[in-house]
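Below sits a lone chain in structure tokens, taken as the form predicted alone.
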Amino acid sequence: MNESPAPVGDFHGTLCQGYLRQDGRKGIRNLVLIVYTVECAKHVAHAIQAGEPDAQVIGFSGCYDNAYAIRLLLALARHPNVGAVLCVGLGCEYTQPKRIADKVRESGRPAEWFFIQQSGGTLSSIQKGKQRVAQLRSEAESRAVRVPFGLSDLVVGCECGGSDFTSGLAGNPVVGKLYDRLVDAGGSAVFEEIVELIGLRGVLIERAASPEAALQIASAYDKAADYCQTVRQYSISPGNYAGGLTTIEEKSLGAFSKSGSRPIQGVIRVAERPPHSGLWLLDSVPDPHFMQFGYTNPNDTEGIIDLVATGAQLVLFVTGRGSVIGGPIAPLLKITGNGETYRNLEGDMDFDASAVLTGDKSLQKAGDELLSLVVQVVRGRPSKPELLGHHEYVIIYKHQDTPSLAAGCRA
């Protein structure tokens, strides 16, 4: 961080001019999103994106369709930060680019699609795609409706990964302070990784905002605990042990601290947006299915894209061990409570919370400084991953019973 943080009081009111979408949500970016609908179209999609700084790529590699993955693609293609969409398919896959483009157009955004098999192959498809991106960019700019954007319009997601002993003492609690500020200002905060909350069933339920929310939390927790027992895997890694964590319960307490202290309004599923403002828990654990596919959070990039699909305009990633990843569509800010990690990866990490551990800074002060950085990114300052061009993500075969495909399409 080079800039001095502004006082928190300055952040009430208009932060910037956002992009108003037809569904009432507001974006902080106006990207052209390129969506590939099968692994065979991935190379062409990325070649189209090359040299187009305001364009990004997502896609699903499977040849067979999957309702969970389609809900994700639809939610991401109509994310508040997306202004236009180009869908690229090979031509023989189940997931149809035309149907995605049609749904995007219904959301008020320009969208185009084509099959590579019908466009003359790789080189001519790349040329065609670049022409379409230029047209879509122009149309997205001409249609843009700029409106005041404040903290009450902001949805922030948070993931932690590569955790060490500092994550639960500094990195995650600092995010918790920011979450409290955001919720108090009328914004929305989403946290996930229920399998990293094992051992905290009672603690979670005590934070429920209502009896209905308590039932949702209990159900999601019990499913996650059953899932961990069934697959014989808990979310703790050799890197966590090397970083000083000893048990899943210890890791859980640290992970939970990123949720802050405000009541949990309820549980949402992947590709579902928060029904109203406040603090929400995201359930990304697979539901039982006869094919038994879909790990929960096989890596950090999968968890981050799930948070983006809630409509989060910005995502925070807390890592004690350090990471170089980014994410598509929503700027990713990487935070560490480990000063050594920050010094080693300063070109990649956005925020150093280690002063909390040395006693040089209070949690509240660090949380306010993080909020200042968030506001700067909302106003257009690129995050470190954005500057470096990191846009990693993973979309896998998975199953969740809800939301329905139609409900998910409204995400």
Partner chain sequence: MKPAIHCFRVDPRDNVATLLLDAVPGECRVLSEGNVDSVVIRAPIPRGHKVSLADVTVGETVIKYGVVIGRASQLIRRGDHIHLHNCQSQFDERSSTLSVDDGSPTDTPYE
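All of these numbers come straight from a predicted model, not from anything done at the bench. Positions refer to the first chain, counted from 1.
There is also a form predicted in complex with the partner chain; it is not shown, and the following applies to it.
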{"property": "Stretch in contact, per heavy atom within 4.5 angstroms of the partner chain in the predicted complex, of 243-251, 124-132, 92-100, 109-117", "result": "243-251"}
{"property": "One residue of N338, S163, T310, Q313 in contact with the partner chain, assessed in the predicted complex (non-hydrogen atom, 4.5 angstroms)", "result": "N338"}
{"property": "Residue (of A140, V183, I236, A224) lying close to the partner chain in the predicted complex, criterion heavy atoms within 4.5 Å", "result": "I236"}
{"property": "Contact of A214 with the partner chain in the predicted complex (heavy atom, 4.5 Å)", "result": "no"}
{"property": "Heavy atom of G176 within 4.5 Å of the partner chain in the predicted complex", "result": "no"}
{"property": "Close approach of V374 to the partner chain in the predicted complex, 4.5 Å, heavy atom", "result": "no"}
{"property": "Non-hydrogen atom contact A67 with the partner chain in the predicted complex at 4.5 angstroms", "result": "no"}
{"property": "Heavy atom of each of L169, V203 and D360 within 4.5 Å of the partner chain in the predicted complex", "result": "yes"}
